[in-house]
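Presented as structure tokens, the chain that follows is alone, the form predicted alone.
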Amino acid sequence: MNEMRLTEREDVTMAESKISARGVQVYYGDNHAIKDVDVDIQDKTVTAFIGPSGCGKSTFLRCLNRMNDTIDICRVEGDIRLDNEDIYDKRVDPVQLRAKVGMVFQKPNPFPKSIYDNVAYGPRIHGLARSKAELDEIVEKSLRRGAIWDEVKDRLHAPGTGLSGGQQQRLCIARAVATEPEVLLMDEPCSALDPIATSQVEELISELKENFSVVIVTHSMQQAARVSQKTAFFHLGVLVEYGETAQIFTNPRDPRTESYITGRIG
């Protein structure tokens, strides 16, 4: 009877989550990189993945929009659901999935195109605009969401690669939100940026959670504490602890989390 109640409660948690993962395993050939991860990621929340280098946080992040599909030796097992739909179902088109679950990478990677075309690219291939006027509107809205519109509105046809590093990263965020995703994944989005650009991107992340579920991998515990409401600590491919950010940082339940937070491991 007790077991039944637990299952019912778990079903409720899964139903309330934007993304829910159960029993996720990831293998690179014979290397077991992610071991039996269960997690529920909430909507309109910033969730931080923290842990030492090589602990599996970026690998797990890439499971959430099937980026690991592009790696031949990578095998993903378990169940990952977006709005309770299995994202690894054979009928799911990974390209359509990645329009819903956008991604921003560690190093800014604008296309070798104009600022306008960088942002218009996704809406064009997904047929989100019926006219040039609609496309113009999407581009402006996305650049505003990326907190870069005022800096680039007079040079939309200049190359995106001509922007500073911090501007390029905000352009990549604008490009990611242009397809109206529901989830935004960020893999160490500030690690190549200077402190001023970092604080601009952090401010932007706080605004983005009004409309999106944001999941950020960061090597900076201070950044996780500043921007996230939920934190997951990974160690050696295991999700050790997951909870409210304040609780993880001030009162961790697992001694491994405490060792990492206090600098004894990592």
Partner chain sequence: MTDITHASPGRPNSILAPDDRTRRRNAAEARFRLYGILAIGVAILALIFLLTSVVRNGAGAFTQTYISLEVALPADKLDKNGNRDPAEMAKVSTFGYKPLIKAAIQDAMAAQGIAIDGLKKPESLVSEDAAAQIRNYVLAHPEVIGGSRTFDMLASGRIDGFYKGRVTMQSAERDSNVSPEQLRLADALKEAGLVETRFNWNFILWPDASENRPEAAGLGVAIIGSLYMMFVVLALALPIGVAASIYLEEFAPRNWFTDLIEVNISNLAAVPSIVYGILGLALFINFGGLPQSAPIVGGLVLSLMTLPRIIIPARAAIQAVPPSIREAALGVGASKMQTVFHHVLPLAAPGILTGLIIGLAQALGETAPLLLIGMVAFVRDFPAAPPEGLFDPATALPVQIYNWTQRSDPAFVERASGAIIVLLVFLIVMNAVAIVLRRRFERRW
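Residue numbers count along the first chain shown, from 1. Note that the coordinates shown come from a computational prediction; the quantities given were computed from them, not determined experimentally.
The form predicted together with its partner chain exists for this protein as well; it is not shown, and the discussion that follows is about that form.
- Residue contact with its partner chain in the model of the complex: residue 161 places a heavy atom within 4.5 Å of it.
- Taking the partner from the other structure, its partner chain in the model of the complex has a heavy atom within 4.5 Å of a heavy atom of residue 110.
- Using a 4.5 angstroms limit between non-hydrogen atoms, residue 70 touches its partner chain in the model of the complex.
- Its partner chain in the model of the complex comes within 4.5 Å of no heavy atom belonging to residue 167.
- Partner proximity in the model of the complex, defined as non-hydrogen atoms within 4.5 angstroms of its partner chain, places exactly one of 29-37, 62-70, 220-228, 206-214 at the interface: 62-70.
- Contact check at 4.5 Å (heavy atoms) against its partner chain in the model of the complex: none of 17, 84 and 88 pass.
- The contact with its partner chain in the model of the complex, taken as any heavy atom within 4.5 Å, belongs to 98 out of 98, 141, 75, 155.
- Taking its partner chain as it sits in the model of the complex, the stretch 162-200 comes within 4.5 angstroms of it through a non-hydrogen atom at 175, 179.
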